[in-house]
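Alright, two takes on the same chain below, each alone as structure tokens: structure 1 and structure 2.
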Structure 1
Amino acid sequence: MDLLSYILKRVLQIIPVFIIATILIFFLMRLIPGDPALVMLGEKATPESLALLRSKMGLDQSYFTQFYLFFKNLICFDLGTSIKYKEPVLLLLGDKLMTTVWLIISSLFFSLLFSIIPGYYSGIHKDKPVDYIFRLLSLLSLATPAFWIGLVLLTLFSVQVNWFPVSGWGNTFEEHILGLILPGITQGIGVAAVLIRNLRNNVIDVKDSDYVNYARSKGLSNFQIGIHHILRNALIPTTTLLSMRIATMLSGSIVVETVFGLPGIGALLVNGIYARDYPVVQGVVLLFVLLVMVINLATDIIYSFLDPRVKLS
């Protein structure tokens, strides 16, 4: 099977999964106790206005009709209107998504920054003290909750010394960059733990390979061999693993955005739950599901592209 038909097949595969996930989300939202119309109008609503809004929202229809309307609107990219912000949910999502994307870019950067040197040295000095220290450190960082390390960083670098903003990411580009450093480090520490182990094992595999021995016999310096022959090859599977972690980072952004007050879709979800803003919650969950499926699909395709040994079936 060639690559194009493989991609087509995989894209077609996610459509039924997305539809069923949509049905699931629809019924999850209908299970939430309380009347959405009552939440929208508040406690002082008159029975007449309540009934009017209910029929306008289609709440007096059967579940089947409601789902039909919901799905019809979804295909027309209409996700309803936020109860709290009084804005179309789709616009809100578009507005907040960029913040989350930037947070993930920052996290990717810091996770690579934290993992390359420890992973490389652990692999080169396998079973030596350095290796054990980095192994323990990566176990330790796996056990560290992101929300706590975020608060510790905030206390140290935003409260004690005023280097970074305590909350939010300002309005200008410089402020945005400054506001993304601590959240990126917070998210990066946890991801780095996984990458260090992976890179270490790859370095161990690569460092005794024929082409590294050949490079050594040519008399290249250790530094050159380390960078060009060992690290470059060892990093290929690690970057693939990193791209697989993006989906995990997406759900990690829920906590990190809340801790650092970043206006992304994760914080939007949490605030939506607090405010019982169901259209927003529904919209964010749908967006998360769609993003995760697209990311997983993209990773699979890139992986099969990079590694011809992966069978296209």
Structure 2
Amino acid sequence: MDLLSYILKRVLQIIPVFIIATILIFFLMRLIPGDPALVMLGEKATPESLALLRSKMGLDQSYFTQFYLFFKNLICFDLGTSIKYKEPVLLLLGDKLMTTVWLIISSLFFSLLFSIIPGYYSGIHKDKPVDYIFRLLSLLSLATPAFWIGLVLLTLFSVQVNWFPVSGWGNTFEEHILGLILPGITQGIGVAAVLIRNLRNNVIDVKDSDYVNYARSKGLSNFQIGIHHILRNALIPTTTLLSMRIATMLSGSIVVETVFGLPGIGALLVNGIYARDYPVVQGVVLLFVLLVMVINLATDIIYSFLDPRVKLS
């Protein structure tokens, strides 16, 4: 099956999943305790003003009528207007999305930086002191909450030595980069811990395989064998794991953006939940669902390029 046909088939599979996710998100949102109209107007609001606002927001209609209107607008790429920000949700998502995307890119960079070399050396030197050290460090990283790592990094590098901003990510490109380093490290450490353990096990499985021994018999250098035969093949299963961790990063961005004060999708979701802003919360969660499905599709395609034995079907 060629690439275009495979992508078309997967897109057709995504559509019913997305519809089911839309239904679940809409009705689960209505189960959250609290009245959006009361949140907006406050405890001293009169019954008349509450009833007027509920009517304006469509909350006085049945759930099925609300869902019909919501889904009808969704088909036209209209996610509604934010109750809190008084702006179209689509514009809010577009404004905040790039911050989260850059956070994910920064986290990916640091997770790969912290994992590939340690994972490779840990697998090559199995049961040696370097292996025990990397395994211990990865275990400690897995056991440490991301918010605690973020607070420690803020205290050390923002408050004590003033190398990075305490909150936000500035206005210029240089300020954006500085503002993303600590959040990227915070989220990257947890992902790197998982990748190190996975890559180590893959290297152990690959390093004594027949094709690696054959490469040694041909007189190839250890560097060539390590890069082209061991590491490349060991990274294939890790690619799938990394794609799954990217999906985890999307949810983890909620914590990281809150700790570092980044104006991204995660912070928008938290504010939307507090304000019972149904359109914003629905829009953010639907965006997360769509991104996860696209990431899974991209992973399958990349996997087929890394391993020619894998066929798209």
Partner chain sequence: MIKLKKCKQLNPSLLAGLTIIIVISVLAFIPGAFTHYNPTDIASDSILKAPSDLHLFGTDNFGRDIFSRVIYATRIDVMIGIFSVLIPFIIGTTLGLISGYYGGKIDSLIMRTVDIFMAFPYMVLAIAIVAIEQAGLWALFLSMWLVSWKEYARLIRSEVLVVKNAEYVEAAKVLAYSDFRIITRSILPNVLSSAIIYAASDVVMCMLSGAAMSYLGLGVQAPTPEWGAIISGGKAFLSTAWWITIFPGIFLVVTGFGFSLIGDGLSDILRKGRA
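Predicted model, so just to flag it, every value in this text is computed and none were measured. Residue numbering: sequential along structure 1, first residue numbered 1. Here, rigid core means the biggest group of C-alpha atoms that superpose within 1.5 Å across both forms.
Novice: Between structure 1 and structure 2, which should be identified as the form predicted alone?
Specialist: Structure 2 is the one predicted alone.
Novice: Quick check on Ile227: with the core superposed, does its CA move 2 angstroms or more between structures 1 and 2?
Specialist: Yes; that C-alpha moves by at least 2 Å between structures 1 and 2.
Novice: At a 2 Å cut-off on C-alpha positions, does Thr144 qualify as shifted between structures 1 and 2 after fitting the rigid core?
Specialist: Superposed on the core, Thr144 moves its C-alpha less than 2 Å between structures 1 and 2.
Novice: After superposing the rigid core, is the C-alpha displacement of Ser49 2 Å or more between structures 1 and 2?
Specialist: Yes; Ser49 is a residue whose C-alpha shifts (by 2 Å or more) between structures 1 and 2 when the cores are overlaid.
Novice: Can you read me the CA shift for Thr238 between structures 1 and 2, rigid core superposed, in Å?
Specialist: Comparing between structures 1 and 2 after core fitting, Thr238 shifts 3.1 Å at its C-alpha.
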